[in-house]
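Coming up is one lone chain in structure tokens, specifically the form predicted on its own.
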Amino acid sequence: MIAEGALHAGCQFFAGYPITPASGVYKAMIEQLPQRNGVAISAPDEISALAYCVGASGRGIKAMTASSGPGWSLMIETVQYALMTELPVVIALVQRLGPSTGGATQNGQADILFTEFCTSGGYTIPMFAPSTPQECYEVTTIAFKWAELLRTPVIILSDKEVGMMSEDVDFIKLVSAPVSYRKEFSTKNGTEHHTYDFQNLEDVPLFSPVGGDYKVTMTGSAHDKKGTLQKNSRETIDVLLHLQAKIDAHAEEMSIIRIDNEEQANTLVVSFGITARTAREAIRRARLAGKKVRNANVISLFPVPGTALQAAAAGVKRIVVAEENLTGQYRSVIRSLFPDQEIVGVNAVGTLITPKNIMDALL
């Protein structure tokens, strides 16, 4: 379904290296993209796979790769290059048990901090976490939309159970984001061409492809608006600030949380990915038992949907964050949003969280 979403969004290039549990995306794109007049390459390793995608993006092509934790470890330098050069690329990461090689066929939701905070400087990479096949499709179209509009890498963070489950899908009911493309520079704008030109920090520079009509300089080093390597100039610092400002300016628009409301709730359950499905069952059972509980399935993990989360928590005394990792990674990220409420975690490693685990944490 991630592959289907990518094809719908206009993905024209895929490069990947097979790795469990992301090989389903790899296989589907290798088989289907050439039939849609696109290019799909089996790369010799994950470093090459993402580098190929970034190169294709530099030519103006919509590109995507897919991997899991060990492959992501190898991709991080190239992710930072894509962020610095403002080249859009979508990366589907299907989590498995870690660390290191970990358990290729065991579930995990422990790559949240590793994935989001991989950059030197801690820049926000938009990240979406689907919990169903339908959401896999929808989220992929959303990822391509924001990658193109903001000229940034975007992460689809799934997990093994979602990624390797077989389910029926009603294609008629699928939801997708509008197909979007990065805006390109033209002399009709009446301005001199600079690779990274912007007036306000939150503006997104108009794109020019490498090898096109204008000289394009794309360096991973700190640079000015022309792309020329610079150190500590005011313009260079503005370019670095702009990389975050353009994401912050659209944070509210990227916010996606699905709320199952209960007006008199005293507990809010927050979850994502496969655990969001467990949470829905826990909520159903809890309500049958007379408990007042509200559910929040967070799909846009980053930028953190703070306003929506705080609205979802209005009036509750306890917030339960259920996630399949050791320390409560996403809980640590959102804890500061709730200074006056008790926030507790339901966690597991190497095994799925059960509805009972969540129910035991409810008030």
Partner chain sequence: MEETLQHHTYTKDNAVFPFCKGCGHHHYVNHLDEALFALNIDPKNVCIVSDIGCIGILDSLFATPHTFHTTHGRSTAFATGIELADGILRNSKLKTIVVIGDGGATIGLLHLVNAALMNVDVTVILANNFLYGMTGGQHSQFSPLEFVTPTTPAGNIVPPIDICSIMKSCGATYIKQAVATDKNLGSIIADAVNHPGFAMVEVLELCTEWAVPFNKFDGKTMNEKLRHSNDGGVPQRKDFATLYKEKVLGNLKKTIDDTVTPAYTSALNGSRRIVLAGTAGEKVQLASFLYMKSAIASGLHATQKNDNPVTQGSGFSLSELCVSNDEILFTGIDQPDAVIIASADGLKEVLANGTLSRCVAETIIIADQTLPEFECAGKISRLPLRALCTGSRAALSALAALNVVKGWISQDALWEMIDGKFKDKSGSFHRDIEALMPFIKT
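Positions refer to the first chain, counted from 1. If you're wondering where the values come from, they're calculated on a predicted model, not measured in any experiment.
What comes next is about the form predicted in complex with its partner chain, which is not displayed.
**Student:** Go through 221, 100, 264, 199 and name the one with a heavy atom inside 4.5 Å of its partner chain in the model of the complex.
**Tutor:** Comparing distances to its partner chain in the model of the complex, the residue within 4.5 Å is 221.
**Student:** Work out which of 242, 277, 194, 145 lies within 4.5 Å of its partner chain in the model of the complex, going by heavy atoms.
**Tutor:** Selected option: 277.
**Student:** I'd like to know if residue 216 sits close to its partner chain in the model of the complex, meaning any non-hydrogen atom pair within 4.5 angstroms.
**Tutor:** Residue-level check for residue 216: yes, a contact with its partner chain.
**Student:** Any chance residue 77 has a heavy atom within 4.5 Å of its partner chain in the model of the complex?
**Tutor:** Yes.
**Student:** Quick one: does residue 55 come within 4.5 Å of its partner chain in the model of the complex, counting heavy atoms only?
**Tutor:** Result yes; residue 55 sits at the interface with its partner chain in the model of the complex.
**Student:** May I ask you to check whether residue 120 falls inside a 4.5 Å heavy atom distance of its partner chain in the model of the complex?
**Tutor:** Output for residue 120 is no: heavy atoms all beyond 4.5 Å of its partner chain.
**Student:** Can you confirm whether 70, 311 and 360, the three residues that make up this candidate site, all sit within 4.5 Å of its partner chain in the model of the complex, judged by heavy atoms?
**Tutor:** No.
**Student:** Within 4.5 angstroms, counting heavy atoms, which one of the listed stretches 145-153, 108-116, 242-250, 269-277 is next to its partner chain in the model of the complex?
**Tutor:** Heavy atoms within 4.5 Å of its partner chain in the model of the complex occur in 269-277.
**Student:** Residue by residue through 320-340, tell me which have a non-hydrogen atom within 4.5 angstroms of its partner chain in the model of the complex.
**Tutor:** Residues within 4.5 Å: none.
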